[in-house]
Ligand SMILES: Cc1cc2nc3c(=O)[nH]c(=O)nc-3n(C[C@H](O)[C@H](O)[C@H](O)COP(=O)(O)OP(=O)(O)OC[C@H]3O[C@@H](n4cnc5c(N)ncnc54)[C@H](O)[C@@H]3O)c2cc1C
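This document opens with one chain alone, in structure tokens, the form predicted alone.
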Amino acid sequence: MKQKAIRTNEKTIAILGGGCAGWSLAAKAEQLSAKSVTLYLKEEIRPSHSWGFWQMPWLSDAVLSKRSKWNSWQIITEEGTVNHNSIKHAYHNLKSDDWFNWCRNQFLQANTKTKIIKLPVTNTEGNHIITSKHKKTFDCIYDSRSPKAEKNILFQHFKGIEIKTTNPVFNPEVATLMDFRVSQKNGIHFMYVLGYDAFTALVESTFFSPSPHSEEIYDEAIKDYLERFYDLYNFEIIHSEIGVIPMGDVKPLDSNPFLHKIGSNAGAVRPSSGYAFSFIQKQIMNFLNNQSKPCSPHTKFDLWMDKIFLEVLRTNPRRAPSLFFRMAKALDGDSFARFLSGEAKIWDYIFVISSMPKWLFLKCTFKVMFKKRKG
């Protein structure tokens, strides 16, 4: 007997996971054309953290919720400093708590029937909704839970502290996205500094390496950096945050075909740079506009370039500061923001590729091709 088609406004939808992707999709409940949307999340305290992004068309809601923005930013190495400026694509900082609160309000105020179910962290109760036997509970399930990282890849890992000083030492007009004038003995390493005002800043120690470090390594790096470049020995720590982002291929936590993967579980995180927040919003916007299954927000060409670049970084970590310096120097502020937001134009690619050492990238291109063929 032919099954009766379900009207779009009669669908029952579930969203798994209360992270960036889960809440961001929940905030768009009215656009899902469903009679009910249920959000499942773990009953746990989620540490507050920050997201950075350049202003793009799909980030208008996030821009309104931002903490701060900068129209100027810099990349610093021992070779020198690259300064960028952009009015159109300002760099923004957003606190996760502010975003989750905005999403929660949007979700609960939607005309669609909405519901939040919190599951105990140590209990698997509720997992029935992700088995084929009980799939009939919902017409559509979006899975935003964190994926599993493949073996032998790099990770971007960091610890940041928001500090307050008694002396005005920070520049709130210019964001320091990368400062490589730090020790490279524990992996590719740079500092990230966002001055909220002259007395307050987020200072973050970031590494690219095969595994995270102990917190003492980040703490010592931040302490040494503030002493050397800001003459800071005493300050108040307002907040700290820590994170790990895989820089390579990931596998969905659950491969059941009826689960619609979303967020990092659907490849939203850009392998070479991260910027998960921006790409998750872009993925959700594309999905809602097309009303199809969520898919990667990255082009195949970008992912191919990332594979080669990551192979270069993995095999030649000491050259990382110079490579990032060359890339930044080859672009202006607008093109740099476009390039790292997945909106590069053809000439942006040309400028970046022409700035890189040809023989090194050619060798790594062959390595990537051989690995793909072998795999």
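Source: prediction; values computed, not measured. Numbering starts at 1 and runs along the sequence shown.
Another form, the form predicted together with the ligand, is not on view; read the next lines as being about it.
- This chain is displayed without the ligand, yet in the predicted bound form the stretch 267 to 275 from 299 to 307, 178 to 186, 104 to 112, 267 to 275 comes within 4.5 Å of it by heavy atoms.
- Site annotation in the predicted bound form: the residue of Trp73, Tyr142, Phe158, Phe190 reaching within 4.5 Å of the ligand with a heavy atom is Phe158.
- Checking Cys20, Ile13, Val352, Cys364 against the ligand in the predicted bound form, a heavy atom within 4.5 Å turns up for just one residue: Cys20.
- Interface residue remark: Gly243 is counted as part of the site for the ligand in the predicted bound form, having a heavy atom within 4.5 Å.
- In the predicted bound form, the ligand lies farther than 4.5 Å from every heavy atom of Glu30.
- Not displayed here, the ligand is kept clear of Pro257 by more than 4.5 Å at the level of heavy atoms in the predicted bound form.
- Contact check for Arg46: a non-hydrogen atom falls within 4.5 Å of the ligand in the predicted bound form.
- Although the ligand is omitted here, in the predicted bound form all of Tyr40, Ser146 and Ile280 have a heavy atom within 4.5 Å of it.
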